[in-house]
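Next up: a single chain in structure tokens, the form predicted on its own.
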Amino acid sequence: MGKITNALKKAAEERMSHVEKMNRVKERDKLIIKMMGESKVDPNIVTYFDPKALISEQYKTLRTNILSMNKGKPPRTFIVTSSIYSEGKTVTSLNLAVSLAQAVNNPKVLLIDADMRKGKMAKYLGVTAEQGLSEVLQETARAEDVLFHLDDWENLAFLSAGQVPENPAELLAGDYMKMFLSKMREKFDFVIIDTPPIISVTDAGIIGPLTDGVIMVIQAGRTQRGIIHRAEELLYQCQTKVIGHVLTNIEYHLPEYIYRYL
């Protein structure tokens, strides 16, 4: 009996050791997944990495301003665009989308890369998304098959631009785009659309009337007032409402007491 008892005890200890080892592996894997250094998301998406950072607080202010519009009935579908290239509209779109998804009530947010010429959203997120809006509008892919999200944010979905089509403006102006946006409104609380600059191409003006308005991104010290006025004229001619402005590339000194508070 002694030998049998010892054998059973040894087997039980080995099973327990195996379970503990597996638990440690699982816990280790969880920590690796959460490590920021392992993420492929671009560091410019600061709201993803550090929601409490000073810059993240500025995006939270933008979020608050949007949610406070129309006496608590904010725009649910809106465009983020700029006058010219390289003003920071895609980085703004991504940080705003993450900030909205972090709101207290965990709204469902969709960010669409509608720049089917030079879309960079997937690159900023560190993912490969060969199919996207282009394929959806050409009806070669279903939206539910090409939408994706990062592991950290199940209430934040993305749709990449997809492959460059021959006729991006015509695709955006088609009836299927209207149907697609209508369907997305039913599934998400907020739909943000990142479009090409309005002066360069007409895309923002085409989609604008289908949304609640446009947020203009302006780079401080670079974009001239005349260019901004021209961009807003183009949007106005397309019956698109500008609901706000975001100024990027600002350099200013924050008083020491603000740092202490944060």
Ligand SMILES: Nc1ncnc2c1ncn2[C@@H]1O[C@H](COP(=O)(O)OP(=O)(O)O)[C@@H](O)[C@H]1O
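Everything numeric here is computed off the predicted structure, so don't read it as measured data. Counting begins at 1, following the sequence as shown.
Omitted from view is the form predicted in complex with this ligand, to which the following refers.
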Report summary line: Answer among 69 to 77, 99 to 107, 143 to 151, 120 to 128 for heavy atoms within 4.5 Å of this ligand in the predicted bound form: the stretch 120 to 128
Query raised in the report: Quick one: is T90 in contact with this ligand in the predicted bound form, heavy atoms, 4.5 Å cut-off?
Result: yes
Report task. Indicate whether this ligand has at least one heavy atom within 4.5 Å of a heavy atom of N249 in the predicted bound form. Result -> yes
Report task. Answer yes if any heavy atom of S182 is within 4.5 Å of a heavy atom of this ligand in the predicted bound form; otherwise answer no. Result -> no
Requested in this report: Indicate whether S86 is a 4.5 Å heavy atom neighbour of this ligand in the predicted bound form.
Outcome: yes
